[in-house]
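Structure 1 and structure 2 below are the same protein chain in two forms, each given by itself as structure tokens.
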Structure 1
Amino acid sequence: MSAGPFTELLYTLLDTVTDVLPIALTIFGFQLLVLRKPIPRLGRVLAGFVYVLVGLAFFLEGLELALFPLGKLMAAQLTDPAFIANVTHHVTAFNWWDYYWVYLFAFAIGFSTTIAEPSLLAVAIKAHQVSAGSIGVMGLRVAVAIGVAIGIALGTFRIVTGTPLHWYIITGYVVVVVQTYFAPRIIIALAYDSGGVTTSTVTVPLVAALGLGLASTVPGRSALLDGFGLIAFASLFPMMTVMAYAQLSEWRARRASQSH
């Protein structure tokens, strides 16, 4: 690294500002030209935008410094055939079970990065407000994180075994649709949303490294063709776990009211 972390921070801030420009243009353009009304508490809103920009720059630069190099290195090391041979004590012809550390790592990293995901935090805060507190911020995040963890672990299993991606996804869709008819109505839209928000700044780079590392070292897989699909898994399973979370809360509430 040629520049110090603080110079890098400035570059990240510039990048974030560039990313936000089209959004800001859309918002302020419509506000001025179409709605033609002053924005309520404009100063505070602008300060909020500055907070978001500077906050994201710090966040991304911090990830780049602390998490990504180590996480990507670990993903590469855990999928390295030499490491697998070392823990399994046989040199060739690995079967799918020999990759158990990979599955465990996939599960753990999926769970932990989701808890730190800022866009999920945003949706959880909003859902907490809108539901008048009946949906807990942490409860929702843990439910989503378990979904991502299961999704990514199963996704690494799929890469190791080389089974077609679309069968998993289609089966997942069927489960989601069936569950929709049994889950409380209030949770459905939120559950669907949690599929899309989970995979963002923290999770995607690490998970992509894991997928590509795995696909390029497992014999018979190609990084180009088999390295993808983990993100799709990570967006599918949270829908199931969030609906399950609501079903479980409902069931417990019903049982509690019956026992009184």
Structure 2
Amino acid sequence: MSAGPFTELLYTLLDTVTDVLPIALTIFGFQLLVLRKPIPRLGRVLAGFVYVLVGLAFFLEGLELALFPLGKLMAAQLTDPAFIANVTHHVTAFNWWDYYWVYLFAFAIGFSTTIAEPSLLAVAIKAHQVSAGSIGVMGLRVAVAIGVAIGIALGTFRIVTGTPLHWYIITGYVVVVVQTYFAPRIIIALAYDSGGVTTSTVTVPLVAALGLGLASTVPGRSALLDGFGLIAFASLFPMMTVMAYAQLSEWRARRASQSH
């Protein structure tokens, strides 16, 4: 007999407490034992930790019950031979372009999950504050989201075609290194960080489910060998788009100043 949803939520809450407890012990331990100072507004801090624990528990359980299965289901439905044959009018021997609905879905899910990513919002707000408003919150979020969307779409193309993962990753990092020499210095470190904040609580479950579902349904693909790797695309391509966004903004500003 399977456990009910409230029992599963309780287990998730206990796991969340176990995961967050080392963070709390580290922070409180350094504050009290190393810095030897009282924790300011202790009641408010403890209340914040409780909110984090409860919120994470609900969020993770919601991902497990809804978003993760939906991502896998959508991948299975979009790669179903009957669906592809219906939209492409090809009966057998599908080509890589016959999976265009998969690429469009991957692009859309990559963009939407990144826009909803709490960690990206936090980084964008901090970047806006420390740059005195020169880095826009929404501009940075959209630039990162476009990078993730392109990366996930290209990653699904890799799974469909069966091409080696390292070709894409090596080429991508070469592009990032070249961009680093030409991008404004103010944006380089932020662009590198933007690749990391995309691999968080919202993006990872859906992207992983999409990759595993796609590799399980495309003929000749292995879920273990081909299903993983989409997260690497989601981390790599935002670096390119954020630096490209900064380069484009700098070029437009320089062009505007020259016209005046």
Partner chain sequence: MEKFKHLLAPLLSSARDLMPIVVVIAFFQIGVLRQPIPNLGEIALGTLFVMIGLAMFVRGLEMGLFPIGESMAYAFARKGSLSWLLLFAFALGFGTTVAEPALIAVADEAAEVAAVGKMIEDTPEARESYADGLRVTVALSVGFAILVGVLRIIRGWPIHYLIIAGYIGVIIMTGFAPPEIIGIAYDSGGVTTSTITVPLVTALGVGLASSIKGRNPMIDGFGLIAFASLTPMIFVMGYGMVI
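Counting starts at 1 with the first residue of structure 1 and goes up one by one along its sequence. Quick caveat, the model's predicted, so the values are computed rather than measured. So that the term is clear: the rigid core is the largest set of C-alpha atoms that superpose within 1.5 Å between two forms.
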query: Identity of the form predicted alone among structures 1 and 2; finding: 2
query: Residue 240 C-alpha shift between the two structures of 2 Å or more, rigid core reference; finding: no
query: Flag for residue 34, CA shift 2 Å or larger between the two structures after aligning core; finding: no
query: Rotation (degrees) of the smaller of two rigid parts between the two structures, from C-alpha fits; finding: 13
query: Angstrom displacement of the CA atom of residue 70 between the two structures, core fixed; finding: 3.8
